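We begin with a single chain expressed as structure tokens, specifically the form predicted alone.
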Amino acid sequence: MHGLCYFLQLFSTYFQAFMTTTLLEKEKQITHFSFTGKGTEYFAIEIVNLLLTVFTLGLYYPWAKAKSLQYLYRKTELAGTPFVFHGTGKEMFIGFIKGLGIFVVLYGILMYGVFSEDPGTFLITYGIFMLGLLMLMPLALHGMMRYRTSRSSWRGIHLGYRGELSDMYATYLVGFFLTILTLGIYGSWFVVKLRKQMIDNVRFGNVKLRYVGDGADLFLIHLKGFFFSIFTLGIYFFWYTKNLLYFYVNNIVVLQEDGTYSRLQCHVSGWEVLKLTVGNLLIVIFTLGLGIPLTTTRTMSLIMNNTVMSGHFDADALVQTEEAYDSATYESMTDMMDIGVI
């Protein structure tokens, strides 16, 4: 009798656990990203942008960038709804001129030292130039994040960036010098801390983003990628790239006000990265660089069409909370300094 009771109790426990797991799986939702852009469409936009930028001696560049971003955003969808980029060429042109002015001053100081023909003066001006660039980096990243997020929306809900400039300076400068002092070893932790600083301060209406990656994990990915790529004569490089993509994407968590969360997941394989890379390289070579827009859409398609948001995400609960920010000064400076978007 006691054995039967024990059996029934054990069965009840396992049945409850099974039902709880089943209900959780049912509640778990998968929200898909997608990219619907076509290489021919984007090529038509970029070739016009290129011609107008050349004919205007570069002055059309801000409008060209705005048109490119507007196309890429509206072809990127979440749950079948496209994102929208609201930035304008006029905003970017004003920022472009301001950013250009800062660089003219810095290069002017450097050129003064070069033409002075005095080693002492050159060393001083070169030091000022490099220090100026170093101090501009966190300022440019902060400004870019504020502008780019405030000009991005989905279902009419704008993104926003609430990071403090002082925190960005602290994160960047400490990480930069520690990376130098450790001969590059701290670089992985530096990258992770910088991504945390940027992503943790992004708001999607009343939704928060969090980056939960760890510097040690990134260091091991780099270490493994370096040695395995050598041992496999470069073949492992494509799987190394895949691992980096997973690390950067799969550690982004979306938190909603009710305490529920979802997590981004990328499912691109190393073999797909290999095919994409080889294909893009051939396109660039055989089109003498004119096919770069095609490689952009191919890359976007592979990544976005293989990325999902796994977990609870209630789009109807989104509420607008962010204010507009229209200064594009540092959006242009990140291009001048060749800083990529996170």
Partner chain sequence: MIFEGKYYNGQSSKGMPAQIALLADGLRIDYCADEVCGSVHWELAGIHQSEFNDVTTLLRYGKFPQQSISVVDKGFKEALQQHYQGAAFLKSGYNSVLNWGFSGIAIMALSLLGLLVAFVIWGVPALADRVAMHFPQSYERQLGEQLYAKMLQGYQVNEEKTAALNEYLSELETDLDYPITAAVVTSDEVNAFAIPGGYVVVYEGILNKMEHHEELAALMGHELAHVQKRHSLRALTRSLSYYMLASVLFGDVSGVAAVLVDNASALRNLEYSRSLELEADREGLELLHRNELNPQGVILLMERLQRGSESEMLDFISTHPNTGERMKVLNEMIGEGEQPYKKNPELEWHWEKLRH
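Here the structure is a predicted model, which means the values were calculated and not measured. Residue numbers count along the first chain shown, from 1.
Here the subject shifts to the form predicted in complex with the partner chain, a form of this protein not shown in this document.
Interface residue among Ile30, Ile47, Leu59, Leu281 relative to the partner chain in the model of the complex, by the heavy atom within 4.5 Å criterion: Ile47.
A single residue from the set Gly127, Gly156, Gly184, Gly234 has any heavy atom within 4.5 angstroms of the partner chain in the model of the complex; that residue is Gly156. No member of the trio Val104, Tyr147 and Ser310 reaches the partner chain in the model of the complex with any non-hydrogen atom inside 4.5 Å.
Leu52 belongs to the set of residues with a heavy atom inside 4.5 Å of the partner chain in the model of the complex. Not displayed here, the partner chain is kept clear of Phe219 by more than 4.5 Å at the level of heavy atoms in the model of the complex. Though the partner is left out of this view, His86 does reach within 4.5 Å of the partner chain in the model of the complex, counting heavy atoms only. Of the heavy atoms in Arg74, some are within 4.5 Å of the partner chain in the model of the complex. In summary, the region of this chain contacting the partner chain in the model of the complex, judged by heavy atoms within 4.5 Å and restricted to 78-86, 185-193, 168-176, 266-274, corresponds to 78-86. Along 280-301, these residues reach a heavy atom to within 4.5 Å of the partner chain in the model of the complex: Thr287, Leu288, Leu290.
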